[in-house]
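Quick heads-up: it's one chain on its own, the form predicted alone, in structure tokens.
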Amino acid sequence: MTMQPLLQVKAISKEFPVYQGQVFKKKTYVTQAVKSVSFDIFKGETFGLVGESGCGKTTVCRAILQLTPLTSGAVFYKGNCLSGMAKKELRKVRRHMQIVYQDPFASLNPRTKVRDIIGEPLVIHKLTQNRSEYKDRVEAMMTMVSLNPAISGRYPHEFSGGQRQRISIARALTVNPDFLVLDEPVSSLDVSIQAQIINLLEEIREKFSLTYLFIAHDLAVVHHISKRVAVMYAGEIVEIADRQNLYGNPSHPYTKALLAALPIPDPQASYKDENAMLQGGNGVMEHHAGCKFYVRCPARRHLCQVKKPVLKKVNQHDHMMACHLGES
């Protein structure tokens, strides 16, 4: 019996119009941030989504949570389609789907005390009966993320970056969600603090049987926390595999280039693959019928320019890749 995914992302696309003019704005062209992205996330797993800055990772997470309307495609949560759902029904679903943002300072109201920041979701979803229950819940959340409840009357600017991210995590957990979107939650933190937050997230996931979508551009962090990983380039998924296959046997030239660029402690044992080196610019604005990675790809050929590759299995381990490598 096949397990039903908790979250299904089916061929979602998002376009943003670009305007010119100060007064009489005229739409000049449309930029496609995300194109036909599909993947499934199963209950209890951590699904990593990686790629360079600007590739569309955050747009995907915002589309999943219906924070930005889709141009096409659909998102299903527990079998229910979120696209086009009424606001009242969507609010009920959002209680079970929470997000932790990249910048913990920008995502916290600087004029609101920490106890009210953490407790705000309780008020919105009407989950407490009285002030005492509200206070107990906030204190329990602060204790869970290793923050002293005695300092709940302080403001965000009085905390360090790592502490602010713990506040963000506590706020997300207050409503007992099933699914968390973690949008580069450690990228703005020091390396030592990153490890603490990652360990905290893993402990919380195991304790509450949570499911994570972990978005990052740091492959080392994703390797540590994720069970399966999707690699994104220029708004499209180019490879999906479990972490052992992806890191041990990368198939797509872009994935190979990302792994080859990872710094490691022993330079003599580094992954040196001259064929993994990228060429030219990023190629995102190049207009041709084929692969978006064509301009930078060290293994490109004419077929790549004229025919768009589709995501398909490359071995028996559910390893999928969108590339013409190996085709005749």
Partner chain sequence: MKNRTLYLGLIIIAALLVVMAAAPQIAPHDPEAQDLYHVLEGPSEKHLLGTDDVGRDLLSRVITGTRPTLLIGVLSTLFSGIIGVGLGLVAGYKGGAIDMAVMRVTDAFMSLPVLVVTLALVAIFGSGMQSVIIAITLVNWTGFARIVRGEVLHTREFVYVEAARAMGASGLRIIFYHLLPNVMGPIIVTASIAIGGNIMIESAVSFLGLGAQPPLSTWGNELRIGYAYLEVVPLFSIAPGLLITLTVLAFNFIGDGLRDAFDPRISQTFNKSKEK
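Residue numbers count along the first chain shown, from 1. The shown structure was predicted, so the numbers you read here are calculated from the model rather than taken from an experiment.
Just so you know, the form predicted in complex with the partner chain exists too; it's not on screen, but the next bit is about it.
Checklist entry - Of the options Asn109, Asn130, Ser209, Asn80, which one has a non-hydrogen atom that comes within 4.5 Å of the partner chain in the predicted bound form? => result Flagged contact: Asn109.
Checklist entry - Tell me, which of Pro121, Pro250, Pro177, Gly73 has a heavy atom within 4.5 angstroms of the partner chain in the predicted bound form? => result Partner contact (heavy atom, 4.5 Å) among the options: Pro121.
Checklist entry - Does any heavy atom of Asp116 come within 4.5 Å of a heavy atom of the partner chain in the predicted bound form? => result So Asp116 counts as contacting the partner chain.
Next on the checklist: My question is simply whether Ser152 lines the interface with the partner chain in the predicted bound form - judged by any non-hydrogen atom within 4.5 Å.
Outcome noted: Contact with the partner chain, no.
Item to check | Contact of Gln98 with the partner chain in the predicted bound form (heavy atom, 4.5 Å) | outcome: Close contact exists here: in the predicted bound form, Gln98 approaches the partner chain to within 4.5 Å, heavy atoms only.
Checklist entry - Looking at the partner-bound form in the predicted bound form, is Lys135 within 4.5 Å of the partner chain by any heavy atom? => result Output for Lys135 is no: heavy atoms all beyond 4.5 Å of the partner chain.
Next on the checklist: When the partner chain is placed as it is in the predicted bound form, are Arg62, Arg91 and Arg94 each within 4.5 Å of it, taking any non-hydrogen atom of the residue?
Outcome noted: Every residue of the candidate spot has a heavy atom within 4.5 Å of the partner chain in the predicted bound form.
Checklist entry - Is any part of 63 to 78 within 4.5 angstroms of the partner chain in the predicted bound form by a non-hydrogen atom, and which residues would that be? => result Only a single residue, Leu67, comes within 4.5 Å of the partner.
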